[in-house]
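First comes one chain, alone, set out as structure tokens in the form predicted alone.
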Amino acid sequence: MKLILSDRPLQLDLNDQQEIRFIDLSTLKITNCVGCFGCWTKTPGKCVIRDDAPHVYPLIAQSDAVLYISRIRYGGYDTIMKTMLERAIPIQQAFIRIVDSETHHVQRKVAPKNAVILAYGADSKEEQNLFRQLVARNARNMNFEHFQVHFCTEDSLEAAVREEVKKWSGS
């Protein structure tokens, strides 16, 4: 399965693409993680907060290709995307492993991913570089085998998304 996770509505024609799921986070109710670790101790693999996030993070786990679309704020994901990614912690276990002299969580049935992050709204090269570093640092915990970060303007965003989706279908 392939997943498009966006922080805003997009006009995409995916009717003939059954294996591609599009989720517009701006239409969902996703509250902040409260840090209770209930997803690790009380209900392993399931968040104790009852909102829309438990419908999304299993799709993140199952996807072998992901396209994250987010505005950049201060060198990081904008609020709605950051909140969703933080709420996806149930797809990891509480256990730690050492990989390349770093500690990382053990994944809970998470497919290895090819990821593309389309970022828009970066004000400077410095902010772009900071975001690239953030994605690189998070890549292992997000189970990215390969990832690319592309920057575009808000006006060119939908065309950039269409180009990435076209690559998935090989046309």
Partner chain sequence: MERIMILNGSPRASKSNSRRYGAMVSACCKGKAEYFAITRQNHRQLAEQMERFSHVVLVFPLYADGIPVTLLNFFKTLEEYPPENKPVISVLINCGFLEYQQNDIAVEMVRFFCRENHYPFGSVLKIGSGEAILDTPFRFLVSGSIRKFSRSIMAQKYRTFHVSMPLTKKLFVKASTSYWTEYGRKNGITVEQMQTMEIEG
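Positions refer to the first chain, counted from 1. As the structure is a computational prediction, the values presented were derived from the model and not from experiment.
Omitted from view is the form predicted together with its partner chain, to which the following refers.
Visitor: Can you tell me whether Pro44 touches its partner chain? I mean in the model of the complex, with a 4.5 angstroms heavy atom cut-off.
Guide: Yes.
Visitor: Quick one: does Asn114 come within 4.5 Å of its partner chain in the model of the complex, counting heavy atoms only?
Guide: Looking in the model of the complex, residue contacts with its partner chain do not include Asn114, since no heavy atom lies within 4.5 Å.
Visitor: Using 4.5 Å between non-hydrogen atoms, is Leu130 touching its partner chain in the model of the complex?
Guide: Close contact exists here: in the model of the complex, Leu130 approaches its partner chain to within 4.5 Å, heavy atoms only.
Visitor: Is Ala61 close enough to touch its partner chain in the model of the complex, meaning at least one heavy atom pair within 4.5 Å?
Guide: Answer yes; at least one heavy atom of Ala61 falls within 4.5 Å of its partner chain in the model of the complex.
Visitor: Who in 102-123 is close to its partner chain in the model of the complex, meaning a heavy atom within 4.5 Å?
Guide: Result: Glu102, Thr103, His104, His105, Gln107, Arg108, Lys109, Val110.
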